[in-house]
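Here we start with a single chain on its own, the form predicted on its own, put down as structure tokens.
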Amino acid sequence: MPDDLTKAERPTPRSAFAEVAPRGLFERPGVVRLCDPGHRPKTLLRGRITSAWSAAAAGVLGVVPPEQPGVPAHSPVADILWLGPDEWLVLGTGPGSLAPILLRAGLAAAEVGDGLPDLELSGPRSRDVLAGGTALDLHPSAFPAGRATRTRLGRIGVLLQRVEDGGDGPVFHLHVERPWAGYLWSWLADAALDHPSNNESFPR
């Protein structure tokens, strides 16, 4: 990239779902809706939990990262998902990456937004569609809103996050490594076709 190319002139990162979903949207009315939210900053945070480390992280993020799997931590600055021992995914609530601020605080962090795209799955049958590809118990009592966990869907691994329900039922965010983004979108769209729609004429 030329050194004199200004930030405003830089091309927008190509969506990881562009080849299978140029419009970034798929809907099967009464079943599910898939939406590509576009680029969003995401930061991978690593570190050994100590009192000093937790204080430094909380100083930037507004909350101590969770020490247990499944239950994220929330603050006005970010949602923080537990990925594994000493590893978290930080979803900032603002437009900019939190990685530089975390680095300045002496923490190990890296921006991974374009390498870990996500899509939003919603709709009254979204839980049924997911259940066809994962062994995870998705019943609301076992996987309530706010939960996030790694699981397998079809042939790939995903980070599945259930957010607050929308007006049309459960809402899930699925984070996936970029090379598998097309597979994930196609798998979900194909699985949705196995469920009756209230408008069969809607284009796929």
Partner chain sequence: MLLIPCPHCGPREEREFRCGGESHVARPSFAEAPNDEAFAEYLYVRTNPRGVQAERWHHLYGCRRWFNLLRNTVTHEITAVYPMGAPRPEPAP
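For clarity, every value in this text was computed on a predicted model and none was experimentally measured. Positions refer to the first chain, counted from 1.
FYI, the form predicted together with its partner chain isn't displayed, but the following is about it.
- Using a 4.5 angstroms limit between non-hydrogen atoms, residue 142 is distant from its partner chain in the model of the complex.
- Using a 4.5 angstroms threshold between heavy atoms, residue 54 stays clear of its partner chain in the model of the complex.
- In the model of the complex, residue 84 approaches its partner chain with a heavy atom inside 4.5 Å.
- Taking the partner from the other structure, its partner chain in the model of the complex has no heavy atom within 4.5 Å of any heavy atom of residue 174.
- When you look in the model of the complex, the only residue of 72, 113, 92, 133 with a non-hydrogen atom within 4.5 Å of its partner chain is 133.
- Taking 157, 62, 37, 169 one by one, only a single residue has any non-hydrogen atom within 4.5 Å of its partner chain in the model of the complex, and it is 157.
- In plain terms, the part of the chain that comes close to its partner chain in the model of the complex, with a heavy atom within 4.5 Å, is 148-156 out of 161-169, 26-34, 54-62, 148-156.
- Taking its partner chain as positioned in the model of the complex, the only residue of 30-54 that brings a heavy atom within 4.5 Å of it is 46.
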